[in-house]
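Just one chain is shown here, as structure tokens, and it is the form predicted on its own.
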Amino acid sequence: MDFPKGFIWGSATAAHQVEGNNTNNDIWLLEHVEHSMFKEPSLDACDHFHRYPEDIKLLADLGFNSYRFSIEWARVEPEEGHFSAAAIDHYRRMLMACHSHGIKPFVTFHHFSSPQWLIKAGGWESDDTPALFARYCGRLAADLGDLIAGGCTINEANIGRVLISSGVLPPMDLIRTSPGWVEASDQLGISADDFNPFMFAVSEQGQRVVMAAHHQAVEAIRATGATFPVGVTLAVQDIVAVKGGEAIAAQHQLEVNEQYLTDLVGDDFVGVQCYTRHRYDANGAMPTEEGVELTQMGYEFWPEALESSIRQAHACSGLPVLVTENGLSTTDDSRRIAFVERALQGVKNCLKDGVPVMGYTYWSLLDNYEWMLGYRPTFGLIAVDRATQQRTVKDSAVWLGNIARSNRLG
């Protein structure tokens, strides 16, 4: 079962989850307040900021041909209008390391974390943010675009809506009055109502700002003459209606999927990120189905969700699809292999039916910092010893790398 020639086989990370010591962004602040909603602070993370040469070599040696990673805005622009040449040079070295190993680098310009100065100025509810983000993306495209194989402006532009609608987060009025939220806003010298990190931009205004930032960033990147393909990634939900839940499911489908997928005119591709299905009946979101295996995240083990999400993304957007995240959090690596094998069969089904799927990117390369859940969930193809930072390649990494090298499933 061959995949198309030039199919992208990659794995992914996000700067804050792996670099370590990103002290100048909003997530670091939220991690370190006394009553943090985060299980633990990120601290050194995987020290990928220094160990990226080793990690990129591992990825290449395994057989992959692509690496999706993010650039940390708070490093590149630590103060508003001040761009760090040293930080930009660091990311240039990362890009060059990819090319030296035959790896195509796909860069995410924003993966959840934002500079604290941006949050002080209104964050992701401010009408000024799209232009500021576009300026940052344009600067990176001008300085690094010759080495970038593909660009994702924003990771999961719909994540706030997804987290609220799926019940992962409580309503924003409760979040804004929580002790940790108030403590973080006090440290920035702003009110709790004016503290607007990206992952919590769930209001209509917040979502307008996020999508405006994406569109203006695409324009700014192309204005530099950069020729790499550019798009946005979305957490495309596989929403399933159980008898009586058709209307509720359709409403959620519209709010978290369709309104974003239909707003991508002019993009080169859409990044699809999917991990499980979500069922709705007449009463709303349903609990996990009895008897279905659960992941460390509490998700149903449902790799077939990826096929559904790919089909939906292409049908709504009309764009080629790049799977930018898909994977399993588990301590049983054999289940990771089983999950990915079934997910890839879904990719094959899409390709057979003419759906333009550009590639498959596994989340994640390393066992890393999973935001509010800390280091407990392990998605990585490569284990990381928290005390020594030693890397250990898992069997799933070798298995998937062999598929990538042969461009064949089975």
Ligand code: BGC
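A residue's number is simply how far along the shown sequence it sits, counting from 1. As the structure is a computational prediction, the values presented were derived from the model and not from experiment.
Not on display, but discussed next: the form predicted together with the ligand.
>> To verify the annotation, which of these, 111, 278, 214, 314, has a non-hydrogen atom within 4.5 Å of the ligand in the model of the complex?
In response: Contact residue from the list: 111.
> Pick from 155, 309, 257, 116: which has a non-hydrogen atom within 4.5 Å of the ligand in the model of the complex?
Replying inline: Of 155, 309, 257, 116, the residue with a heavy atom within 4.5 Å of the ligand in the model of the complex is 155.
>> Taking the ligand as it sits in the model of the complex, is residue 297 near enough to touch it, meaning that at least one heavy atom pair lies within 4.5 angstroms?
In response: Although the ligand is absent here, residue 297 would touch it in the model of the complex, with heavy atoms inside 4.5 Å.
>> Is residue 370 part of the interface with the ligand in the model of the complex - any heavy atom within 4.5 Å?
In response: Looking in the model of the complex, residue contacts with the ligand include residue 370, since a heavy atom lies within 4.5 Å.
> in the model of the complex, does residue 325 have a heavy atom within 4.5 Å of the ligand?
Replying inline: Taking the distances in the model of the complex, the answer for residue 325 is yes, it comes within 4.5 Å of the ligand.
> Using heavy atoms and a 4.5 Å limit, would one call residue 17 a contact residue for the ligand in the model of the complex?
Replying inline: Although the ligand is absent here, residue 17 would touch it in the model of the complex, with heavy atoms inside 4.5 Å.
> Does the trio 11, 64 and 69 actually contact the ligand in the model of the complex, every residue with a heavy atom within 4.5 Å?
Replying inline: The answer is no; none of 11, 64 and 69 reaches the ligand.
> Hey, of 33-41, 339-347, 371-379, 46-54, which bit sits against the ligand in the model of the complex at 4.5 Å between non-hydrogen atoms?
Replying inline: It is the stretch 371-379.
> Are there residues in 182-213 with a heavy atom within 4.5 Å of the ligand in the model of the complex, and which are they, in order?
Replying inline: None of them.
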